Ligand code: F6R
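The chain below stands alone, shown as structure tokens; this is the form predicted on its own.
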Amino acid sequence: MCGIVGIVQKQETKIGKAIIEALTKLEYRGYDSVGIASIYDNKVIITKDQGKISEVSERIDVNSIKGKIAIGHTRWATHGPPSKENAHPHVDCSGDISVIHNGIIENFQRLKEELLEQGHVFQSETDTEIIPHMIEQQVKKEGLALKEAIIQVVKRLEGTFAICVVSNLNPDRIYCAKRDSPLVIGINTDRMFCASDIPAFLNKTRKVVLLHDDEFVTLTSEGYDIINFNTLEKVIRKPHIVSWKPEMAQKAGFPHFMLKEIHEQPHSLADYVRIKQPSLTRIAEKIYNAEKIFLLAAGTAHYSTLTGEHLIRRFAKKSSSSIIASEFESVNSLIDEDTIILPVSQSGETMDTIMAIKSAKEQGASILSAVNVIGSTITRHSDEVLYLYAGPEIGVAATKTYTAQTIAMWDIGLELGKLSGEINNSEYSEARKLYQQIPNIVKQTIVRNEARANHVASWFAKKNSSFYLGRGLNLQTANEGALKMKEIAYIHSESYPAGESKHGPIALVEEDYPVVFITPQDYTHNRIIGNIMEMKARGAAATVVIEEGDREIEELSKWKFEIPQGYSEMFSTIPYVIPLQLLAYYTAVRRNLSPDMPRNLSKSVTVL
């Protein structure tokens, strides 16, 4: 989750400004402190403090930092609370070696005890600080050159890490190493970058090299050199050109990234629909022939996998289970060679998911993934990959990647229906016609409901709690809507099966209490009318998401959102979530909150 940036360039400039600019583009990852290590006049200069980039920049003139080489970091606390002392970069006893790190060193306590016995003095509570001290030990007491010392150190580290090292011992290069935490290289004619994510340098270069686990990089202003730090074998990997345009990672005139990304959904879905992926058929066939199927995800992605679970049962007549990645150990004993694991992820770097699929693969399971970021860790551990093509998502709250993940589940579901015979050729053809129109339907949904969402938000913003109710497949839309409201607008929102709402939640309902119902014209329609009436009888104010023209439910509501006709039975979890995204966004704005950076949350959870 921490943001990492490194720059090594040919000319001496105010490099601090470039580092801060790059770190700002990684703010979506979540952080509590910021720091820079630069080399100037053959000295390592550390500048860091607790707080947001804008706050630290007001206290410290970080933009004026000079040099040809620097590394920068935004920290999300794991070991030790947010503080200036715990902020990265960290240094050795002499101040000659500086390190930034994303991940968790699991054996740091044992290594720290060794270093304390050898006389090293620590300034922080972090696991990261052991690294510069270990390097110092190798250089000054074992006599190794800096590069060899770093390699020996990373071999001893257990856990996850993306590490960048600078030192006045070799003042013209950055050394990097990674295992299970993201790290990429950016190439420009006058400078080289390393970063934890591509948006950090996307406005400077689209030429990117993706690093794999257990790789070590030497970065100079002239280029890069990669080796495997276990075998020391040289790795030849050519850069590729990222298709994203720099402006895709900017706000493009919208007040927040979240709103921009809501409006990008017709385009991102159109990209997914347009691009034919040969892996789709292979994935469907493997699922259809499997004995056990587990879908795996974390956060918002979990709700997309619940759609997948429903569709596998519906179209393949197969038992399947959606498992939250951090709870994978509960089913670990069931995994064998006849098991399919289907991880779904935006970043492809979610640590809980990575650890789960590694464990499953060791037991013989096949890994079939749906991932947004090409070349990410999850894709490299997968037997087949369905790419989501949603482009970069900067807002912490997933919007366009959720609908991309969900359309991927429907894509697989249709193929399963064709294989099993649950969908005949005529039905399959008709379903694919509806599928092709989804981007346009989502566009219409945004246009029809945005102003209404802003208006309803003026009422919703005054509330402290709410329920989101749905039946069957629509429960997943309720789940996602409630999550968005709680994480963006900080309003306690609980999703619940509508039929179960009388078993507990209804006790909290009072006059004008907000209850949101997901009510397409499907088999759940008649029963959910009863649930709406139950809630209204206790004073609830019903907000409904209905198919256009559904007067029966409209008459029971205080507020309504309408979806174009024809998407109640098929693909409903895509358009029906759009008004809920808009409602959460505008409610947050009405409450003077930042939708892009909700407190305590992070975009990519790269720690366990």
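Position 1 is the first residue in the sequence shown; the rest follow in order. Since the structure is predicted, the reported quantities are computational estimates derived from the model, not experimental observations.
One more form of this protein, predicted in complex with fructose -6-phosphate (F6R), exists but is not displayed; see below.
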item: Contact residue in the model of the complex, chosen from A478, A397, M485, C176 - any heavy atom within 4.5 Å of fructose -6-phosphate (F6R); value: A397
item: Contact residue in the model of the complex, chosen from S495, T160, T524, S347 - any heavy atom within 4.5 Å of fructose -6-phosphate (F6R); value: S347
item: Partner contact for N102 in the model of the complex: fructose -6-phosphate (F6R), 4.5 angstroms, heavy atom; value: no
item: Contact test in the model of the complex: G413 vs fructose -6-phosphate (F6R), heavy atoms, 4.5 Å; value: no
item: Partner contact for A301 in the model of the complex: fructose -6-phosphate (F6R), 4.5 angstroms, heavy atom; value: yes
item: Residue contact check: Q405 to fructose -6-phosphate (F6R) in the model of the complex, 4.5 Å heavy atom; value: yes
item: Heavy atom contact within 4.5 Å of fructose -6-phosphate (F6R) in the model of the complex, the stretch among 454-462, 416-424, 73-81, 397-405; value: 397-405
item: Partner contacts for 500-528, taking fructose -6-phosphate (F6R) in the model of the complex and a 4.5 Å heavy atom cut-off; value: none
